[in-house]
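Below, in structure tokens: the form predicted on its own, a single chain.
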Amino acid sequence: MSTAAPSAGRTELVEQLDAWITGHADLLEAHREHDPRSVEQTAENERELQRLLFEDGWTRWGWPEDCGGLGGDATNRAVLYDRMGAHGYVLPELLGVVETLGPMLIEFARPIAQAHLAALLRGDEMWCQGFSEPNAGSDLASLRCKATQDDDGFVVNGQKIWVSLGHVAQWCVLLARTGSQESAHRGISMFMVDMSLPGIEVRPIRYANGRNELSELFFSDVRLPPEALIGEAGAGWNVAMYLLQWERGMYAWQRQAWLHKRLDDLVVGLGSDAGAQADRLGDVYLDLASLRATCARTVAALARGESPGPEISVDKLLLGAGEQSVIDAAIELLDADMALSPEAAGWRSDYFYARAATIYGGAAEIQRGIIAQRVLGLPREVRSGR
């Protein structure tokens, strides 16, 4: 068990965590790079790290005690993510899922959080997020997956796509329509779905990197009990908007720690040539510094229980720009080594992920529109016809 306390000062917490990381370097060495194997093998490898962090208490800080945590707030968790990145280690992908879904369940479905959050933190369970559909990506208000209520609960029919970890997950947080199609965002509900239920078909989607990164889900008369409902029926849009604060805030904080580590990797890879590329590397560093400063402000607001509002779209834009800034610089500066060297396999995998960074979780074009209209107060664009 770690010796840090939720009330520990930032400096004390960092010192204790740094000491723990240094003292466990032999156990952590296998987590310095993204696992290049299959998603299934990677998930199993990452579970080992999750168990270690959970058993020694680090991933339990910042979560309520009745949900398996040890108390504290989101800043405790942010310190862990930042220091792990600073020491050059890769966070398990499921910790991004935890930060996206965990706070939402605590707020809107605490019994579910009490029953499942600790298992997710420990790596005993894997979850996925069923939001996007073939004709409803960034526009969730147009989703068509239907959940019909009856005396025994709900019956789900429909399809989801682009589901991360969908084919290895035991649970899915699902958005489905419980109102009419015309009800748009007012007729959506959210559910916690057991992926072993009859009527669920999962089809992995293989990326260009050869890994089954995403999945497609099909629901055919899937029966859900009443307690699967998260929040109130028809209020799923509000639940999703609460969730997105954490996806764009804390997840972006996790990624900035990793991207700083990748920038360090790039400098090391350039060796004696790094000095000649100081201007280029400096531009990348400034991109990441902007992302870090914005995310730090957002995480602090979330920890205080405040809603960042539409300004959180800035975090999402800076995250996409930061992802691509680092990887584009690596492609440019490492040149042939990036394309051909076996040692650059991690960079090539990062390249494919970075291409999607301005699309997943809300496309960059949508975020710019939100910022223009709801933050800057600019008028909606009007196009004249011919």
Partner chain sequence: MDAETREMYRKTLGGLMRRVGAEGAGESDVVAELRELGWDELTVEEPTESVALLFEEQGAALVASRALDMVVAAALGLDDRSVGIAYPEPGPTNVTSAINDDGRLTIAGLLLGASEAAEIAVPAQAGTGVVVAIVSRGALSVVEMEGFDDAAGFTRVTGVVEARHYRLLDGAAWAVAVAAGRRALAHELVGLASHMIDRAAGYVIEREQFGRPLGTFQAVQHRLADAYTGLVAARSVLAAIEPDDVLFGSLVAKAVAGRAAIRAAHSCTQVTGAIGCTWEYELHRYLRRTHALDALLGSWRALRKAIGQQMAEDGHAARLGSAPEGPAA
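Numbering follows the first chain given and starts at 1. Please read these numbers as outputs of a predicted model, since none were measured by experiment.
Here the subject shifts to the form predicted in complex with the partner chain, a form of this protein not shown in this document.
In the predicted complex, the partner chain sits beyond 4.5 Å of every heavy atom of residue 189. Taking the partner from the other structure, the partner chain in the predicted complex has no heavy atom within 4.5 Å of any heavy atom of residue 326. By the criterion of a heavy atom within 4.5 Å, residue 260 is counted among the residues contacting the partner chain in the predicted complex. When the partner chain is considered in the predicted complex, residue 53 lies well away from it, no heavy atom lying within 4.5 Å. Note on the partner interface in the predicted complex: the residue among 111, 226, 210, 282 having a heavy atom within 4.5 angstroms of the partner chain is 282. Residue in contact with the partner chain in the predicted complex (any heavy atom within 4.5 Å), chosen from 115, 195, 244, 303: 303. Of the candidate stretches 115-123, 147-155, 303-311, 91-99, only 303-311 has residues with heavy atoms within 4.5 Å of the partner chain in the predicted complex. Within 4.5 Å of the partner chain in the predicted complex, a heavy atom is found for none of 33, 333 and 338. Although the partner chain is not shown here, in the predicted complex the stretch 360-377 places heavy atoms of 365, 368, 369, 371, 372, 373, 375, 376, 377 within 4.5 Å of it, in sequence order.
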